[in-house]
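Coming up is one lone chain in structure tokens, specifically the form predicted alone.
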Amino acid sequence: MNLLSIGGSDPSSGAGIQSDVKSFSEFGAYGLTVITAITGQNTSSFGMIEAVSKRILKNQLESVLTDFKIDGIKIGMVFNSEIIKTLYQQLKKLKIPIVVDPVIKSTTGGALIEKKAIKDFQKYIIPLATVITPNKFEAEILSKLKINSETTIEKIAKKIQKMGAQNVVITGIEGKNNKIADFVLEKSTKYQISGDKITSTNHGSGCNYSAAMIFAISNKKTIRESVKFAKEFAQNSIKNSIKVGNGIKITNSQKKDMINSELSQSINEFVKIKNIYKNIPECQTNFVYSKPKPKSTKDILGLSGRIVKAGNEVIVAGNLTYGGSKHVATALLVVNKKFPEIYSAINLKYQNSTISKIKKSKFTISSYDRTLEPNDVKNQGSTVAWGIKNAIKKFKTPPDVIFHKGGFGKEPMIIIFGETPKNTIKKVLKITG
């Protein structure tokens, strides 16, 4: 996945395009950049801003857009009217998701957009937005209204939506019981998503939020799912913020669950495999990765939904959750108990052509016959565990592949096992190419 960040350069890497590139990388996406302005700032103070020329801005955009397939764009700092109008002319005909983060003021005190350019921002940039993500302060500036009640929040969101944004998310609305909410206005629905308030002054949380938002939307998540993902990512980045310089802390998401990060990257790689839709079974696909020494499927990360076939493509439905998978996670749990080095697994459609490729490979292969399941196993619903145990009973080395040809009401299936998701993907490529 290629994601483009359009915005200002922050030498502290706390915000701006540097922050976005870090976030995109953590999601497993490739980050591209177009710089609108150079700032001089650190964790203690804000210095100068120098906007790039229209000529180099246009050249950056043309260079990126003509060479790469862009899956999503995030627009941050735009600074002046010339930048705004140039961006509009280059982006107005694109049919890809765009998240607009209307940065108006830096945490360290600098004004990030000229006052006289706000009108052009409303006229040209807001209509580009699939989602716009102002915080309370930014929403008030854009709408020229003051937030003082829930009704007014909705009124402000509707006013911004009328400027052309498809969806409006106003972040940082303080609530009761130490909660903080994001107000969401879609085309025909409104709601709030709340979380715990974190009392901390930091640099970069807004950028983290919008970067996570464009990643989720570009992965075909719903607006609600994208808001939840963005909120969780931003909150984690605040919790893990670090004091790098002499001033305020910089947000940091690097302490997030590396199991989640590795599996997410491999899922992104899996969905890009040519013609992979042909290998998705009727029950769809799940991809799992276990914590060390798992005791149950709750220790195994998987999709709460599935990787599903949509025509000649595949899309990821649901979020990565511990306990999110039942059958593939159960299979992994059984294999891991005997072979602790195996931490990952994915299920694929049973096809004779795939089995032929597997047999020609140097993989360690096993299978089991579901028609031989004892009645007590069928009644208890522990079919997968029974099958996998039987398949590896005499094995002294870990299996690469275990398959079965189905049974009454049961779809035949292939499960690929690996030490890590990356290792599992390598095996998938060998038998699906």
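The first residue of the sequence shown is number 1, and the count goes up from there. Not measured: the values here are computed from a predicted model.
Note that the form predicted together with a small molecule isn't included here; everything after this is about it.
Across the options 168-176, 85-93, 277-285, 98-106, residues that bring heavy atoms within 4.5 Å of the small molecule in the predicted complex belong to 98-106. Taking Ile259, Leu142, Leu112, Ile250 one by one, only a single residue has any non-hydrogen atom within 4.5 Å of the small molecule in the predicted complex, and it is Leu112. When the small molecule is considered in the predicted complex, only one residue from Trp386, Phe395, Phe46, Tyr30 comes within 4.5 Å through any heavy atom, namely Phe46. At a distance threshold of 4.5 angstroms between non-hydrogen atoms, Thr424 is out of contact with the small molecule in the predicted complex. Of the heavy atoms in Ile416, none are within 4.5 Å of the small molecule in the predicted complex. Looking at Cys207, you'd find a heavy atom of it within 4.5 angstroms of the small molecule in the predicted complex.
In the predicted complex, the small molecule sits within 4.5 Å of a heavy atom of Met77.
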